[in-house]
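Shown next as structure tokens: one chain only, the form predicted alone.
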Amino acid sequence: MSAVTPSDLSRLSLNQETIKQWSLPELAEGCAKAGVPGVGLWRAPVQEYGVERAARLMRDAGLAVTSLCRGGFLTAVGGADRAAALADNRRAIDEAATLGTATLVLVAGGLPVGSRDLHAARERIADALAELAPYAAERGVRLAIEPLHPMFASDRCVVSTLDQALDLAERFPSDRVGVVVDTYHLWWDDRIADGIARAGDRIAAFQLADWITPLPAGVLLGRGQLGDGAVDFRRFRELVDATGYAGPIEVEIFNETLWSRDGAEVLAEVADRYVTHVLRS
């Protein structure tokens, strides 16, 4: 194992889904004890714990909330479904502001039932962003569009590439709408270097997980521990750093094997893999 120093971890953030077996108090205590300065949070467990209570917990532990996941699912054609989606996103913005994070991650949404029109779905996302971005800006929150791997295009996210995310984000000021660079979703794209350079100051979050095969049934829980798969993490980090991004680097892994292990052991492994594969390899 690499010798991990506090300076090595100065940008590291642990997304709570990586150690899903931990409660929010365990997450706060574990990260503070390990010298990890940031956490990425998810709405459902935060709501269950209490948003203001969660904000106080993280603040008292000295932890920065680097992102809140997730808003989005903005592809409904209209009517009650669209109104409900917009209302839920406003709640998510309010929650992000309460938690003290400037980044609300958006998973855009898949195709409505019976539709095959990807272009129209993306345009509905742009229409929703036009309504939500001013509301978010008033609360100090930037909306961050996360492109997902194309295997999720039908049911979760019609935005599959960084270029597609930027085509949407660039319709708005960069301090209102940005993008997420997630290695798991983007590692395969041979245009990624140009896309990251194009993103520049629109990079609102930088997330890490490895790509491992074979994928599990349902594919959602197929993210791998850093260094176990195909992703060149140092190259991604250098590309992102070259844009001037100096913010948190968030490890977000959905993996049942990690969830079955001791949380402190997983966190120590994450820190070691981060130093080995992201900073030094």
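Since this is a predicted model, take the numbers as computed values, not measurements. Start at 1 with the first residue shown and count on from there.
What follows is about the form predicted in complex with a further copy of the same chain, which we do not show.
- Put simply, of I203, A153, A92, L166 only one has a heavy atom within 4.5 Å of a further copy of the same chain in the model of the complex, and it is A153.
- Using a 4.5 angstroms heavy atom cutoff to a further copy of the same chain in the model of the complex, none of R43, R82 and R261 count as contacting.
- From the list 244 to 252, 212 to 220, 29 to 37, 60 to 68, the contact stretch for a further copy of the same chain in the model of the complex under a 4.5 Å heavy atom rule is 212 to 220.
- A residue is said to contact a partner when one of its heavy atoms sits within 4.5 Å of a partner heavy atom; H149 meets this definition for a further copy of the same chain in the model of the complex.
- Within 4.5 Å of some heavy atom of a further copy of the same chain in the model of the complex lies at least one heavy atom of D232.
- Interface membership of R171, defined by any non-hydrogen atom within 4.5 Å of a further copy of the same chain in the model of the complex, is ruled out.
- For the chain shown alone, F73 is not a contact residue for a further copy of the same chain in the model of the complex, no non-hydrogen atom being within 4.5 angstroms.
- Taking a further copy of the same chain as positioned in the model of the complex, the residues of 109 to 130 that bring a heavy atom within 4.5 Å of it are, in sequence order, L111, R116, L118, R122.
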